[in-house]
Every structure is written in C-alpha cells, then in structure tokens.
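Single chain ahead, written as structure tokens, the form predicted alone.
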C-alpha cells in the first residue's frame, strides 16, 4: 500500500508503483488541471510540485514532470497540482500576475507554468529574476511568445524580493503573501503521520529506478508490471560532502542538487551554468547522477563531465559490501556496464583538484539548450604559473560507442600551452574517435564538430 498526500488530502492506493503519476492524478483523483501532452517530460504541461520531509522537519518542494514520474517514487510525499494552489474566492499571487500580464492564451500550458513559478517561490534563495526564468526552462508555450510570461516572472520576483528570504520560513512567508493556501502549514505534520518504512529489498528480479526520467520514457508499459526498487527510498544516499581528498556524492543525489551544491561550486563554479544545458528544471529535480551513469548513454552530459573530473564510483554489492571502480573502467561496450544484478552505485567520488586548474564543458545540440547532444566534451587541466601543462584529461561524447576518455595526453605534460600545442592536442583527440552517421549528424560532421569544441576548451587562455 502506497500513501502520500495530494493537495492536502491523504491518499492510499494499492495500484502498481510503476503507475505514472499523471494518470493517477487525472484518471483516479480527477484533477484534470494537470495536462498531458508530450509524455516525455519535455513540455511542462504536466508540471506538479513534489514535497518531501527534510532533515529539519520542514517540507522541501521541487517542480517535476508528472508524465514520467511513477507513484512509487512519491511515497510519503506531498503532491501539489494546480487545484491544490487555488484559493476559494481569489487567484493566488502567481495566477494574478499571469492574468495581469496576459501570460495565458489557450491556457493548456498555464497550470504547469504556475506550478513551476511556485517552485521558484519555494526554492530561490533571493527571489532573483534569473532564478524565476530558470524555473520555467521546461515549460513550452505555443501562444504567448514568452514575453508576457517573462513579465509575470519579473513581477513575481519584484514582489517577493521585499519579503523575508529565509528558506526555513519560506512557507510561512508565502502563505502570508497569498502565494500558497494556508493548508501548506499543516503538511509537515501530515507527512510525519503517514510516513512508513519502504517495503522490500533489491532482488535479482528488481528493476532499479533512480530518477526514471529516461527509463519511463523508454518502456513505461513494461515497468508498470515489473518489480521496482526506488533509489529515492534510500535516504542514506542523499548527500554531498567532502573529505580531505574527494567530493563525495550519494547515489540518490539529483542533478539539480549537484548543480546547486556549495561544495561542488567551490571547486567548479562553472558547473552551475553548465548543467542548465543538461535538461530542464522539472527533469533535473528527478534525474540523478548515478542514473545518468548507469544509463550508459555515449552522449550523457553528466557522464562526460564526471569522466573529465576523473570520478570514481563506489558500487554496493548485494551482500552489503562495496567495490570501487574508476568511472572510465565502468563501460565495457555500447550500453554494457560493469554492474551486476542487485548492485547499485552507492557513491560517486570526485578527486579535489590541486594547484592551478581549469575545468570546461562544451556541447552542441540541435536546440541550443535542453537537448541531447550531437557532440559534447569536457576538460580538466592543470597549468603551472609558467604556463606549463600538468595533468590533462579530456572526455568526449557522441563520437564512440561509449562515453570516451581520450588517451595519450600524458605526452603534453611539461609543455608550455601555446597555439602549436593546442593544435597537437586537438589532433590527438580527433584521431581517437569513431563517430557514426545518425539523426544528429554525419560521422564527418561530428568529427569536425569535436575538433572545434576541443579547441574551444582553450579559448580562455588566448
């Protein structure tokens, strides 16, 4: 039996945990304000909020695409649809700004836009306009041209900027500002009352679900009949911290949590912007680093970045022990990985770089943002005060059957980084790739593209 709260009401169901949340919301609960369109998490019409208890006893809310979210992944959570943020007589503050700025025409996308903006209200540290726009990066609209939606977002950030921005008091502030209904104040107690210990353990028959943002696009029907184990129920795997030598990331950490981590941004400040190109907010809030790794896509942005950072993975074995493996040894062939049944990625370890180092990520896709890469590449390089190269790692995606780590770069150690050396590095990289013709471009095009992207890694030096 699964229990969760929907719009302030406790719901119990014995439906299969692989049941897609939007189907449950619309067909079982009859909350039809949540719209179905793409069924791939790409348009934002189905956006809802998912709230879960945090370590301080409050509730942390994230905007998510409900069309690829199984109900087993929201056990003990608060699900908020557009019906759950309506006031009895008046519009809430976000809805009022949408209306005042003529930011809705046909209205099909509007519920998702409202929920995404509420996600901004609940999570932005300073209520900045940039954060408001970022919160909408997964919401498509065919009618407005977006200017009116941007104006509503700007108005919202200006209204809230005068309020108390303390995250611990956020729900109270939003309730008093007519952004959220008063029942939100009771949700922590409700979730505490319904919280239950997850059932079951991983078995040889289990399909392990991390974020599920790709899995439930590929084969949702099969998963609605399979035995599922949800990594989200492993609360012990949701952490980011550092020791003396590594940044340590638990296997349940999402891409958005990683993107906003103070520890990560301390060493890789460009990461916060780079991962805006990974996917939209409503997907980054569910997709996990470990899930990206296990998905084994040859063009997975997160995997390509982690390979350049020389990441290690700690694998939890079925009997409770662990084994450690360099990420570049994890891939055995196209979609083949060194992971047995019942094993999961427990932790990802990124070595803390030393000295003067430089990280960079480059990506080209059919759309500028939020699309699967045609080619992507990342670099981590150490350069001393005299401009001499130390350690150098370059990864590349879309040009080999597996996420590729470029070999034979040690020959450049000790060389002064100049245009001649850069050309030689580019040549070594392009000699090692074997792209194929596919829908994202010809092999010739991809090889040329990688050549240009590797050269772009060094643009900040000249």
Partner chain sequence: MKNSDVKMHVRGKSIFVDDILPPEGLLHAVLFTSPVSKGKIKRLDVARAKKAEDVAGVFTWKDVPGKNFIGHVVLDDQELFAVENLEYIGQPIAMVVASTKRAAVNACKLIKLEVEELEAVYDPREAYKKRMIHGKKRVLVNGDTEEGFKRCVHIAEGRADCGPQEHFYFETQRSLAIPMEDGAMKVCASVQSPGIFHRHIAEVIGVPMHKVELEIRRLGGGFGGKESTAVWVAASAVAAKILNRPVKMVLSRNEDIATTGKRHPVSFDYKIGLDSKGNILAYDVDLYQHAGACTDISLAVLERSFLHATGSYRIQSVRITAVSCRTNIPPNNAFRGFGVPQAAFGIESALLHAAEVMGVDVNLIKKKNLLRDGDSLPYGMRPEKINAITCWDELDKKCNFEERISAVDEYNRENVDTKRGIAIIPVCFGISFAQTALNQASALVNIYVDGSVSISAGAVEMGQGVNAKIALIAARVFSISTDKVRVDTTNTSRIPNASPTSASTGADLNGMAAKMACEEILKRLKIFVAKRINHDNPEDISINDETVYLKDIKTDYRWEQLIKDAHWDRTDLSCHGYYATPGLYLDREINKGRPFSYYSYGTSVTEVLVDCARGTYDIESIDVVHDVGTSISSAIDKGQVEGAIVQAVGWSTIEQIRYEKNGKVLTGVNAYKIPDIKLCPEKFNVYFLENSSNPFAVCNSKAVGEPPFIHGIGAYFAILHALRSIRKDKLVPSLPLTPEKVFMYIHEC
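Residue numbers count along the first chain shown, from 1. Bear in mind that the values here come from a model prediction, so they are computed numbers and not experimental data.
The form predicted in complex with its partner chain exists for this protein as well; it is not shown, and the discussion that follows is about that form.
Not displayed here, its partner chain is kept clear of residue 60 by more than 4.5 Å at the level of heavy atoms in the predicted complex.
Using a 4.5 Å cutoff between non-hydrogen atoms, residue 441 counts as a contact of its partner chain in the predicted complex. Within this chain, residue 45 lines the site of its partner chain in the predicted complex, having a heavy atom no more than 4.5 Å away.
The closest heavy atom approach of residue 40 to its partner chain in the predicted complex falls within 4.5 Å. Although its partner chain is omitted here, in the predicted complex none of 24, 304 and 347 has a heavy atom within 4.5 Å of it. Of the stretches 132 to 140, 351 to 359, 324 to 332, 204 to 212, only 132 to 140 has residues with a heavy atom within 4.5 Å of its partner chain in the predicted complex. Think of it this way: in the predicted complex, its partner chain has a heavy atom of just one of 242, 382, 86, 218 within 4.5 Å, and the residue is 86. Between the options 128, 265, 192, 102, the residue in contact with its partner chain in the predicted complex by a heavy atom within 4.5 angstroms is 102. Contact annotation for 139 to 160: residues with any non-hydrogen atom within 4.5 angstroms of its partner chain in the predicted complex are 140, 141, 142, 143, 144, 145, 146, 147, 148, 149, 150, listed in sequence order.
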